[in-house]
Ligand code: KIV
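A single chain, nothing else alongside it, follows as structure tokens in the form predicted alone.
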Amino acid sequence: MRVVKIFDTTLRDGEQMPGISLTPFYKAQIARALDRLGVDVIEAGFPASSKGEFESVKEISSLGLNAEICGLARIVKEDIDMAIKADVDMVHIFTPTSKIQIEHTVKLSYDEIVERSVECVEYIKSHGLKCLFSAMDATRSEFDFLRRIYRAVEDAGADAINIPDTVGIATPFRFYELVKKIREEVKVTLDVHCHNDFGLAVANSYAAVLAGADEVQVTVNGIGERAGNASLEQVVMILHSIEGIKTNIKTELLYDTSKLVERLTGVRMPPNTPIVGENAFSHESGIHAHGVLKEASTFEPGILKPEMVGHRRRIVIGKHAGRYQIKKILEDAGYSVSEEALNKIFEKVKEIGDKGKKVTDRDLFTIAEIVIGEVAEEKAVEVNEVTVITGNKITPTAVVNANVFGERKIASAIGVGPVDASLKAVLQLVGGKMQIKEFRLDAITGGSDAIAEVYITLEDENGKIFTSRGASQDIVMASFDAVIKAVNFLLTRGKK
């Protein structure tokens, strides 16, 4: 079975992403994670770029990892010496080969570039290290010059050559043809490095493997300069799941590795990121969720399962949710839900979703517990109407109209605020023989229109205590519902 090597450059090209600056400690943590993941080569950094970078590469080289440790260098002996002093296993040298970069950066002749490249390969090999050679901006270089320089460095002893799409302008079909032509010209390991300027880094890397590339350069989460690099997770799972081409990656560690890099770099992945995004295996639509709960492959690829990458499938509750998925989530969490309760829960979820709010599992469980309590509840107090008045220079006042053991009663009260007034009105309604011992308010969804969850502990004249809760986007009504539930319990079951 064909095996493709994974060359990870998260710590070098990935760190060049604007806004990322990893400490040596963080770089060592990521290096260990990459090694556990099973990458073949870790490009630890550019040792000659700074003293800190040199020390960081040297430290990673000393960790005793299974992966080969690589350091980047220009075709400059001083750069190579710094990589050698950092104790790397491989030196990755590069030089511009496109006309535009040669004219505006190195300003050397084509002959001088070839001569220096050969000298540097020979210098690295004389120190007993592996050498990877990159023709920078290969996809904008003349093919004849690419062939010439690749053959020259191969003859000089290079262990691998890299075809970089430095500015991300390749397309899969053209890149396939380029890689295929170079594959016919050289015998050593053929490596590719693709940037994502047009969103084609993964597709180009995939095409390169089909054209004969032996090794792919990637970064975790696709981070890197400008629009980033080819995503390790996506490239690996395309090869494994679609093509049956293997790598040495332990795919079940992909999600955890992604989360580690996300946390240490501070670069958050969009939820719809393939493979490792929070929504990669999530379903909200009632039709999709129902199908997935019956048979996962109905609305998932089938050849790609969440457990393969260390992820999990999530059935998300929202405005598109169906009764079946809500019932399944609740039953899996241990709730027994009647049809009457399920209908009320379903309506509440839809109401929240229609207002643009996200309904979390906790939200659902809270709503369910409240609704189940309401449906099963023996009611001593049945509220007909609640009026709360408040405002600038107006004393907060609440009026409650309710049936208490079948007798219609009206009670009113003032308070320091609308919540206080409404709670006092309820207690007055039942004779004022109960008192609130504890009141707690939590917001269980974000935003100014968050669902408020209120916990109230009520004590009656006999010392009987009951804690209840209410939830609503209206804090006053959440508090009112919570105290009514407590009152009903203490007036009925609490006396039994």
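Predicted, not measured: the structure shown is a model, and the values here were computed from it. Note that residue numbering follows the sequence shown and begins at 1.
FYI, the form predicted together with 3-methyl-2-oxobutanoic acid isn't displayed, but the following is about it.
- This chain is displayed without 3-methyl-2-oxobutanoic acid, yet in the predicted bound form the stretch 161-169 from 241-249, 107-115, 146-154, 161-169 comes within 4.5 Å of it by heavy atoms.
- With the partner omitted here, the residue from 75, 124, 72, 230 that has a non-hydrogen atom within 4.5 angstroms of 3-methyl-2-oxobutanoic acid in the predicted bound form is 72.
- 3-methyl-2-oxobutanoic acid is not drawn, but in the predicted bound form it has a heavy atom within 4.5 Å of residue 136.
- Within 4.5 Å of some heavy atom of 3-methyl-2-oxobutanoic acid in the predicted bound form lies at least one heavy atom of residue 94.
- In the predicted bound form, 3-methyl-2-oxobutanoic acid lies within 4.5 Å of some heavy atom of residue 13.
- Residue 195 belongs to the set of residues with a heavy atom inside 4.5 Å of 3-methyl-2-oxobutanoic acid in the predicted bound form.
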